[in-house]
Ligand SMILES: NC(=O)c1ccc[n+]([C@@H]2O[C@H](COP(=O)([O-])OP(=O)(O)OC[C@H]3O[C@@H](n4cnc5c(N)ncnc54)[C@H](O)[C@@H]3O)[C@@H](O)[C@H]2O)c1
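The chain below stands alone, shown as structure tokens; this is the form predicted on its own.
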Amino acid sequence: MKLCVIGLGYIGLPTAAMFASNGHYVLGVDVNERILETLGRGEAFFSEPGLGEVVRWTVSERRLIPGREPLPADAYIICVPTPVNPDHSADLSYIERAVRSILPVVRKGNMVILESTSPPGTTRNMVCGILRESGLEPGTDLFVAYCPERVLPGRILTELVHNSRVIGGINTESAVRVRNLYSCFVRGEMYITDATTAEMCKLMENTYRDVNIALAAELAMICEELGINAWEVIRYANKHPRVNLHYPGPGVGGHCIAVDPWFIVQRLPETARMIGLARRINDAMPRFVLEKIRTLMKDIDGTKRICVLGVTYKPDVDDLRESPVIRLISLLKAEGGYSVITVDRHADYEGSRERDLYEAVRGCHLLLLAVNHREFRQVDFRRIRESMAYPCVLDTRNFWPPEEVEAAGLRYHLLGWGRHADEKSPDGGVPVPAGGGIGGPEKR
């Protein structure tokens, strides 16, 4: 079968590669010349386990080819971005352009599948409305469905195969045809429903996590005021068999959790009050961390030098989309009086990729652990202390054992731990097993 995948981003490229490696011929369409040139060389433009090998083989076998415009195909799969506007409404212009781009080539009997995260009703109202301009009727001439992914960066190929899927057709025949198409590589269960229900399902999966993270963030703020440790509260509360609190952090990032809830709020702002409040709480966390930094640096005269470890939105990936750490850095720069240097071998943000931690921390007044990348687990705190102008550490991820940091002569501060300088945790200084991160056990 000939397929056309429109949008070769973090979801579109792996999806195209999976179809191409499972018996189909795929045209991958994008407007980004760098992506097309990279794909033409048989390479993926971002790092993801296993993706490079699949792309290399499918391109070499001419099963996956890049293109700038759609061509006649049996199915069109739309995987373009849906960013939010400044007023938090969904920007559907990419979806609109993608659907309009297939009008000259779409034919009776084709499938049109939307994978892009969208507000409820987008498939039935917007996509089908544009498709009717071709003179073909969705549901009879064209088979239209919404089929969102459920993948975790760092495990995309594995989860594309093994995770369950919800397929929402504009009618049953559309859903069944799309399910049959995806069955070439999906081994998880595939559930059939209507398009609007599938759209809402995708949004609620990420909204559920956003609301729970906001609860953890608010708990962290409360515990700091009460002088107790949010991480201990979470550990012991989660001993309850029906409680699963997530973890706090400097904010929520990525193009799912930090974006999707707004699509629900946009549709029903007066009803989706808790969802909107959770979004605002999480969006405010970089400013809360800024306030904490202000307090820690209040005795430093002149420019405060801060070394930030990690700039990506989650650990061990190269994805900077909606990173709360970058928002925090922007706040520090706007505030004035701070000099920020970043270290992150996963992403190049202002030279972060090539920078050595021990050189970067030289002369700094604060070491800020912002992202719990694996390479930051084992660091030489004594060497760090020798290089710093002021011995202050702020851990936003509960990643480092406090007693180990403080044994090196550094002052350890943890987001959500409102302790006094001489206070120890009841467990001897380690509030919970280190390594927790935003988003709870799944660490998305």
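Superpose the two forms; the largest set of C-alphas matching within 1.5 Å is the rigid core. Because the structure is a prediction, the values reported are computed rather than measured. Counting begins at 1, following the sequence as shown.
Below, we refer to the form predicted together with the named molecule, which is not included among the displayed structures.
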Open item on the list: Residue-level contact is defined here as any heavy atom of the residue lying within 4.5 Å of the named molecule in the model of the complex; does His246 satisfy this criterion?
Closed with: no
- [ ] Answer with yes or no whether Leu368 is in contact with the named molecule in the model of the complex, where contact means some heavy atom within 4.5 Å.
- [x] no
TODO: Using the partner position in the model of the complex, report whether Asp210 sits within 4.5 Å of the named molecule, counting heavy atoms only.
DONE: no
Open item on the list: in the model of the complex, is there a heavy atom of the named molecule that lies within 4.5 Å of any heavy atom of Ile6, even though the partner is absent here?
Closed with: yes
Open item on the list: Only one of Thr38, Ser47, Ser387, Asn32 gets a heavy atom within 4.5 Å of the named molecule in the model of the complex. Which one?
Closed with: Asn32
- [ ] Please pick, from Glu149, Glu224, Glu322, Glu199, the one residue with any non-hydrogen atom lying within 4.5 angstroms of the named molecule in the model of the complex.
- [x] Glu149
Open item on the list: Counting heavy atoms only and using a 4.5 Å cut-off, do Val308, Leu394 and Leu414 all touch the named molecule in the model of the complex?
Closed with: no
TODO: Work out which of the listed stretches, 347 to 355, 329 to 337, 295 to 303, 90 to 98, brings a heavy atom within 4.5 angstroms of the named molecule in the model of the complex.
DONE: 90 to 98
Open item on the list: If you apply a 4.5 angstroms heavy atom cut-off, which residues in 78 to 117 are near the named molecule in the model of the complex?
Closed with: Cys79, Val80, Pro81, Thr82, Tyr94, Arg97, Ala98, Glu115, Ser116, Thr117
Open item on the list: Superposing on the rigid core, I want to see if Asp395 changes position between this form and the one not shown - specifically a Cα shift of 2 Å or more.
Closed with: no
